[in-house]
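What follows is a single chain, given as structure tokens, in the form predicted alone.
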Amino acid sequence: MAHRTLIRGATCVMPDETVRANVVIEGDRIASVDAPDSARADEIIDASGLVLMPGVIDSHVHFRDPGLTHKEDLHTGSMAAAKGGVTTFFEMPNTNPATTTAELLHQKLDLAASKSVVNYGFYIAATAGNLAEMQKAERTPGIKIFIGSSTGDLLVDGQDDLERIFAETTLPICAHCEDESTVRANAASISGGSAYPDHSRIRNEEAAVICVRRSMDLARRHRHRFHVLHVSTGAECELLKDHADVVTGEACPHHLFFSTDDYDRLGSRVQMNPAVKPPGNPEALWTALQQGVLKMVVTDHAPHTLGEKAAPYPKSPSGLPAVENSLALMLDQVSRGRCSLEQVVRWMCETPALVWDIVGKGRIEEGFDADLVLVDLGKTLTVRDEEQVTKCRWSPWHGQSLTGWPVRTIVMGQTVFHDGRIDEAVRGTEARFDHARGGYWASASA
């Protein structure tokens, strides 16, 4: 008989209401959301005073495995995720080797099965020459196109190549949208740059807007589902408003909380692609989230060692770690009155499941996977580099106190994080997809 766990007395963020309830887990599924206090259970978790929410789905991470595992790997990255309340991650394909074939995709799935303490999925990368691989790919959330900021042969910015991908594939497409010619021209105009703030002059608003406009045109003409990764400007949000029927977009914590004003304080710790933008843009992104123009919050967790980040610009690499602190950052905003708990659950749990057609995740509902997080909305902790689980062992939010933290993370019915400790023996499972469901728009109109 499957192990039964009773989570008793939590304030539960359900799909349609937030109520005090008892939730029963049987094996790896949610068996009941309205059980009596006396329900039979092998284990009882007293959740009085805590909030129970679905596990966070971070559909945009770089865990560097294989090929760059001195920065992060699937084990350390997934442990950081578990500590942060993330129960499912989707990893980007720019590893070494890049995930450009179905065989390489399956190899990464096998690797994660042996190493990851939370659930996982992997995108397949587009190149100018792997159309057949994209057409036959399965067991993936979708196709990732680097229409800018790429390595190896992953840059795809030729119009004919992009037309072919949008016209002749069926999987959802997401893209890094920065116009490569604009970026190169900006860099040339300042001789490549010599200081960290130059990064935002090179990867400016114009580079983002040109590429987003171009990508939206492709999506609309080919009626192909498309998702804009890491939106960084208010101008992009204005474009998204006009294409809301075929395009979704996401915000990342670094673009929500940092601007070009932070280079003086943080240097390369806030250097990433797309670059942080001038003041005013973070507030525009928050407004877009509140209005439903941006659909979700994910991290673009992209760690480098502090030694690598300390290199002078432009040798310093772009990217920062965030998966460990993203939920706490958003819960802290709940404590400050900027957003509601229900909005955080919508942005970080429910909507990623809809956008990527994930089966059985994103909600506290009978029959759904038992991916759950207990959070203490009154708990205040200070983010410290030396306490980070991510292998790179630093955070751009070092020294910042946040109110609202995950205190227990449950993955497919198993407690993987509790009382400050991670059970490294737990293994997550491969996410399942039903792309015939049609994504966010089909679900929203159902």
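Keep in mind that this is a model prediction, so the values were computed, not measured. Residue indices: 1-based, along the sequence shown.
In what follows, reference is made to the form predicted in complex with a small molecule, a form of this protein that is not presented.
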property: Contact residue in the predicted complex, from Asn94, Ser200, Thr248, Ser215 (heavy atom within 4.5 Å of the small molecule); result: Asn94
property: Of Asn204, Thr101, Ser150, Ser259, the one that lies within 4.5 Å of the small molecule in the predicted complex (heavy atoms); result: Ser150
property: Contact stretch among 105 to 113, 270 to 278, 123 to 131, 188 to 196 - heavy atom within 4.5 Å of the small molecule in the predicted complex; result: 270 to 278
property: The small molecule contact in the predicted complex: Ser318, any heavy atom under 4.5 Å; result: yes
property: The small molecule contact in the predicted complex: Asp357, any heavy atom under 4.5 Å; result: no
property: is_contact(Met330, the small molecule) in the predicted complex, heavy atom dist at most 4.5 Å; result: no
property: 4.5 angstroms heavy atom contact with the small molecule in the predicted complex for Phe90; result: no
property: Candidate spot His62, His230 and His304, all three touching the small molecule in the predicted complex (heavy atom, 4.5 Å); result: yes
property: In the predicted complex, whether the C-alpha atoms of Asp161 and Thr151 sit closer or farther than here (change of 3 Å or more); result: farther
